[in-house]
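Below you'll find only one chain, the form predicted alone, shown as structure tokens.
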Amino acid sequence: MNAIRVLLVDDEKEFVSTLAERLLLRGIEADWVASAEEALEKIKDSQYDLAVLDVKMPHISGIELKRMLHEHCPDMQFIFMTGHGSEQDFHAGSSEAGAAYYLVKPVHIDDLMLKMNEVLDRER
């Protein structure tokens, strides 16, 4: 099986770069960008199995970005993360989320790894 490739998108650069480093230490190929626009550029050159998206970002939200990424990469899976509200708030405010997975910041690496495995196992 090929290595899992993950794209992390969050406007908090220190947070997202640290998260990418922690995934790399666990054998997960992780790239990160700090905006939705950068994510859209990044997928032109690379393929990812999974995107981990911050819900609240300037200009384009994580929910909107999911829709855009899904158009280009229909097989890509998604996990959302936010520092605002609860999982119930997230699902209540977002019909776009569907069965998406969700994590509250600060995201613990073990929780992220569990969610990633759940998402990818569900799709296999």
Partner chain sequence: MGIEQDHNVVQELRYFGRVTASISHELKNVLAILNENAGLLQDLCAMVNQGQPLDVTRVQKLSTTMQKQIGRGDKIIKRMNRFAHSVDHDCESVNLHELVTIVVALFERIATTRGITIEVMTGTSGVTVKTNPFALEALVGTMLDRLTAEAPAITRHSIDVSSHNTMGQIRLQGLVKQVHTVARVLDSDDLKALLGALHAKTDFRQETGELFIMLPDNITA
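Numbering follows the first chain given and starts at 1. Just so it is clear, the structure is predicted and the values come from calculations on it, not from any experiment.
Although not depicted, the form predicted in complex with its partner chain is the subject of the following passage.
(message) Heavy atoms within 4.5 Å of its partner chain in the model of the complex: which stretch in 27-35, 53-61, 66-74, 40-48 meets that?
(response) Of the stretches listed, the one contacting the partner is 53-61.
(request) Answer for residue 116 alone: is it within 4.5 Å of its partner chain in the model of the complex, judged on heavy atom distances? (result) Contact with its partner chain, no.
(message) Can you tell me if residue 15 lies within 4.5 angstroms of its partner chain in the model of the complex, counting non-hydrogen atoms only?
(response) Residue 15: contacts its partner chain in the model of the complex.
(message) Under a 4.5 Å heavy atom criterion, is residue 111 part of the interface with its partner chain in the model of the complex?
(response) Looking in the model of the complex, residue contacts with its partner chain do not include residue 111, since no heavy atom lies within 4.5 Å.
(message) in the model of the complex, is there a heavy atom of its partner chain that lies within 4.5 Å of any heavy atom of residue 19, even though the partner is absent here?
(response) Result yes; residue 19 sits at the interface with its partner chain in the model of the complex.
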